[in-house]
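Shown next as structure tokens: one chain only, the form predicted on its own.
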Amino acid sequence: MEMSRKAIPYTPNPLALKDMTIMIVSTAGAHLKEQDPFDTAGDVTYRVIPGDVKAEDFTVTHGAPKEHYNTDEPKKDINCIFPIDRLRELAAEGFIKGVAEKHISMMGYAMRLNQINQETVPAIAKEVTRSKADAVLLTAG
């Protein structure tokens, strides 16, 4: 996969939403409490979140100044940045086929953009490609 700097890549999907399994990819700094927190000085790593995760198992670590991204509310309800329960509700109601077996989370506000573009994003793209997801829901903090 080649990254374009001139245009947003567009890949048409012939499936209806009701026939799609959805994966969350987030830059909001959400991770499981048992996982290593993100380095708030600038972290280019990502965390794999299992699909059967419970909302109460999350926390948020993010390096953005609090006036730009206050993590207090996401820590109370992770669904405002990582809508795992909402996806499950949509699946239960038949609006989507299902929720992916894994999701990806990283922390935005990391300034090593070359490393992110050359290492992190391709690694995440491989995770997405290897998953059984039909579409990705992108979220930010």
Partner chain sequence: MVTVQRAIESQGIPTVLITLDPEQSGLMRPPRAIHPEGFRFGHSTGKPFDKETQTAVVKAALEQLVIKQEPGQIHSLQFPGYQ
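What you see is a predicted model; the values in this text were computed from it and never measured. Residue numbers count along the first chain shown, from 1.
The next section is about a form of this same protein that is not shown, the form predicted together with the partner chain.
Although the partner is absent here, residue 59 is not a contact residue: none of its heavy atoms lies within 4.5 angstroms of the partner chain in the model of the complex. The partner chain in the model of the complex comes within 4.5 Å of no heavy atom belonging to residue 100.
The closest non-hydrogen atom of residue 45 lies beyond 4.5 Å of the partner chain in the model of the complex.
Contact between residue 68 and the partner chain in the model of the complex is found at the 4.5 Å heavy atom cutoff. In the model of the complex, the partner chain lies within 4.5 angstroms of at least one heavy atom of each of the following residues of 68-101: 68, 69, 70, 73, 74, 76, 77, 79, 80, 81, 83, 86, 87, 89, 90, 93, 95, 96, in sequence order.
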